[in-house]
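Shown below, as structure tokens, is a lone chain in the form predicted on its own; questions about how it binds or moves come after it.
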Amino acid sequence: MTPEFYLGLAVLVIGTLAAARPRPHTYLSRMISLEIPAWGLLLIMLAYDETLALLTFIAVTAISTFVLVRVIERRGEP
């Protein structure tokens, strides 16, 4: 196993626990909390050098970030 794999596992577990912790969330903090475990998953994929999985992950993350930002903007309008 490579150091990227262990770092990815640690970031994934810590990010998941932080995102699942019940507390008042704003939309922006929820989006940031979801991005942290996603980076852990990205590091795990880098450890296995799965190019197709990496490209799919990057594409889905980019699209979901645009959708989430748009939803946050709509919720902020009166």
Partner chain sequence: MIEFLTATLAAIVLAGAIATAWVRDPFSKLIALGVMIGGVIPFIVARGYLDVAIAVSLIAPIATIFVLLIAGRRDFYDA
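Numbering follows the first chain given and starts at 1. Quantities reported herein were computed from a predicted structural model and do not represent experimental measurements.
Although it is not shown, the form predicted together with the partner chain is what the next lines describe.
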Exercise for review: Look up in the model of the complex whether residue 20 has a non-hydrogen atom within 4.5 angstroms of the partner chain, and give yes or no.
Suggested key: no
Review point. If you check in the model of the complex, is residue 41 within 4.5 Å of the partner chain, heavy atoms only?
Key: no
Exercise for review: Check each residue of 51 to 70 against the partner chain in the model of the complex and list those with a heavy atom within 4.5 Å, in sequence order.
Suggested key: 51, 54, 55, 58, 59, 62, 65, 66, 69
